[in-house]
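Starting off, we have a lone chain in the form predicted alone, written out as structure tokens.
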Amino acid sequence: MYCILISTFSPLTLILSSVGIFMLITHIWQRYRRFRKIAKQIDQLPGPKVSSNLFGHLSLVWKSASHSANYLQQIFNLLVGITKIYQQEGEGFMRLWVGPTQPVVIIFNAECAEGILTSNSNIDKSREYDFAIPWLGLGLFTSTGDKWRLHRKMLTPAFHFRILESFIPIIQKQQAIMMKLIKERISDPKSNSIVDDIKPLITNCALDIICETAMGVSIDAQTDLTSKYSKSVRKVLDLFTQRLLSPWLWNEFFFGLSPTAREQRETIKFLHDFTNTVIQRKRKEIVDRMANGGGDLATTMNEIGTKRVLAFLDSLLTQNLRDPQSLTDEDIRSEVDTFMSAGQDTSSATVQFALQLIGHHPELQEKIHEELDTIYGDDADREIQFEDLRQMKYLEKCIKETLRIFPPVLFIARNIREEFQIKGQTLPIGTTVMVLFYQLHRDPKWFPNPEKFDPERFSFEQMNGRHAFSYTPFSAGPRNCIGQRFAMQTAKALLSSILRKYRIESMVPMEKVELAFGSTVGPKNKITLKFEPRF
């Protein structure tokens, strides 16, 4: 039978087939040798023993986590527990294996974090970030290389403090709606002055602020609970998280066949259509005004700015009209959607955690009240001004300490493209390096008694001499968060609006607070607050 099969092929076919098989075997063997070299380097790094060559340290996770609803919290607690051990032993990093072929190095030391965060060559994010590309495109969050550098340079002026100052009327309008809703809740005799869960009020307010400052349109998330856009934003973030936490959906082919992919495509189509419609409408406004005697582009934008607040989108359209090749319509949509995604989650989570923490420390809350009374006197209804926010020095310390304990982004991950040295050890190409901000911020070398809420950690005296990379809630280096001043401005405005009028008491013990894991991290449980009017 074998002879019959051989006779059906020509000698040339057999030779070519043999050569192909030989080349394939050679390629596999070379790949295997390279991998063994990498594995040998990685295994020299500190880290727990691998119990399964097939699953790597995933087997350790599966053994330790139960099938209860809070299994993600258990997995995270396990990871933090392991890194804490190595941190106490003086190690600045450790290695893990995700499956048989993917090494991950986790950094939780300021000196080690500085090396990777300031690198100008290893700026590529790990492949898991690609899951966000269907919605966010190749914006600042997902792009790399020359495109990222060009966009970063173009977008930086859009976050100048004068532009941030122009957003204050938007923040004032939206926080006034939030305060009205809080007052309605606590005025109900059945409430006992308690808001059962402050999270939806903060989240919707942050979404209204970010949508109006990003695109210049109101979606009324606070007053229209049926708003399709606000529901779609939350839905796509949930779907992104669902895929990230489901390894069987990481493969593009299998993900494309799943119900999650179909739901994601439908949701993203609506969001893209919404953003594209706004872009076209705003562009038409600018072009029509220029055509009807509005003058050149700069004059036209100044004139529009006297009629309404110029949004982030207006800055992008101005650049596009100056040089259509430098920033395409797709680029504009990507950057607007990126700003929407990162902005509302970061601000709302920070405010929620800050209220929970401040509500457990009446002595610290009293200092905030004293500061706000110095700024506003007994006029609890005066509108917010930009200069007011700059004077909130103690409140800023409280926000920074909140970000230390609960950074909205627990970690960043980079894919090593060039060999990288860390404490004399070489990290090979292909390694994923994760900077675990959550544990970095708990290094007792820089933050003694790290679980304690102590805003004085950010006094000038305590900050002086502390390593610059021991505290990086917005990352650091060339890929730091471009919108961090906007996030701080929004957090100050919302917290001061509440605390200038009320004393608050947190009704949920800190030990009961669990984390909700997603593109950013917020509280999983309710944030229940009791409100006492101050005036």
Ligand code: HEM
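Note that residue numbering follows the sequence shown and begins at 1. What you see is a predicted model; the values in this text were computed from it and never measured.
If you look for the form predicted together with this ligand, you will not find it shown, but the lines that follow are about it.
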This ligand in the model of the complex has a heavy atom of only one listed residue within 4.5 Å, and of W97, F437, F353, F131 that residue is F437
Residue within 4.5 Å of this ligand in the model of the complex by heavy atom, from L201, V105, A342, A158, is A342
With a 4.5 Å heavy atom cut-off, would you call Y471 a contact of this ligand in the model of the complex? no
Contact flag, K84 vs this ligand in the model of the complex, heavy atom cut 4.5 Å: no
How about I210 - does it come within 4.5 Å of this ligand in the model of the complex, if we only consider non-hydrogen atoms? yes
Can you tell me if I171 lies within 4.5 angstroms of this ligand in the model of the complex, counting non-hydrogen atoms only? no
In the model of the complex, do L403, S475 and C481 all put a heavy atom within 4.5 Å of this ligand? yes
Quick check for you: of 374 to 382, 220 to 228, 135 to 143, 359 to 367, which stretch puts a non-hydrogen atom within 4.5 Å of this ligand in the model of the complex? 135 to 143
Who in 269 to 289 is close to this ligand in the model of the complex, meaning a heavy atom within 4.5 Å? none
